[in-house]
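Below you will find one chain, with nothing else, as structure tokens; this is the form predicted alone, and questions on how it binds or moves follow later.
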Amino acid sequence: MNKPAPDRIPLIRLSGVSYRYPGADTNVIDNLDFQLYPGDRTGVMAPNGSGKTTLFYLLMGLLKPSDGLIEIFGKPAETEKDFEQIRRRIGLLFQDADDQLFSPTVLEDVAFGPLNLGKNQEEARDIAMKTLNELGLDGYENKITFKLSGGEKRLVSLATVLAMEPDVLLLDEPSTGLDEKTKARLVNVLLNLDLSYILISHETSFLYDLTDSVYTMRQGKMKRAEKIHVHPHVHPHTSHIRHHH
């Protein structure tokens, strides 16, 4: 994480947070401290079952910690009412696109969030069309959602999240099932977003392309990962170079 200036308030702060699933012997999240500051792009790499998705559910209020404090946007996040406000400002991309998409057409799915935030039909449609366009999905608005390919569903899911104009993104394995071309498009979209995010992925080069710091998760704790190797994506002669500001 970037070293915070004293006046910088983290977007997300976890202090001593633990979570144990009912009936489990051990905590899946164990006394975890973590901060995400404005402008941070943080990667999390860990095996399945290590608590990554649980962490996202805690941040969205879908699960309640058994211990510790969660602060989001500078305020304690404890009650359902707190999280109702938070969910308007944090976009969660689920690991499975089918958990995200439920309307008959792509346009209805993408316009749903803005409508829910109080936009009128016309505004919601404009935001949805603009978002689809930015993701290279123009012409998709009338397509039947459940007939899309896996990669298309993934991008439409991302469109539903981005259409809500969130302040923070939580991305759970966004590259799963994508072909190289679609993955490259996703990398391009995420790099050009002016958003802070936490990105969970098991793909090392994808993570390092898109984040400024990477953590591993083991036994409920997060640990800063060393950069393992310089991978070809940051070769000085390619155009695909991260510029760290």
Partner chain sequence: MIQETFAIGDSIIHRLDPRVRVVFATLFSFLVALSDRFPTLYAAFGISVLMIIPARLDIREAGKRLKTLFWFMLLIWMVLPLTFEGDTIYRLGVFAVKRQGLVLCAQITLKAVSILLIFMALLSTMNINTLGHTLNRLSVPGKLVHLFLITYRYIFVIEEEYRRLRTAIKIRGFKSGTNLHSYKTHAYLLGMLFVRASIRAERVHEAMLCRGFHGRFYSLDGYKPSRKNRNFSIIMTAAIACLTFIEYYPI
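Positions refer to the first chain, counted from 1. All of these numbers come straight from a predicted model, not from anything done at the bench.
In what follows, reference is made to the form predicted together with its partner chain, a form of this protein that is not presented.
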The stretch from 212-220, 52-60, 196-204, 34-42 that lies within 4.5 Å of its partner chain in the predicted complex, judged by heavy atoms, is 52-60
Note which of E108, E173, E71, E152 lies within 4.5 Å of its partner chain in the predicted complex, where distance is taken over heavy atoms; exactly one does. E108
From A124, L169, L137, A77: within 4.5 Å of its partner chain in the predicted complex by heavy atoms is A124
Using 4.5 Å between non-hydrogen atoms, is L101 touching its partner chain in the predicted complex? yes
Is N116 near its partner chain? Define near as a heavy atom within 4.5 Å, in the predicted complex. yes
Flag T131 as yes or no: does it have a non-hydrogen atom within 4.5 angstroms of any non-hydrogen atom of its partner chain in the predicted complex? no
Using heavy atoms and a 4.5 Å limit, would one call D96 a contact residue for its partner chain in the predicted complex? yes
Suppose contact means a heavy atom within 4.5 Å; in the predicted complex, does that hold for all of R185, L190 and R224 with its partner chain? no
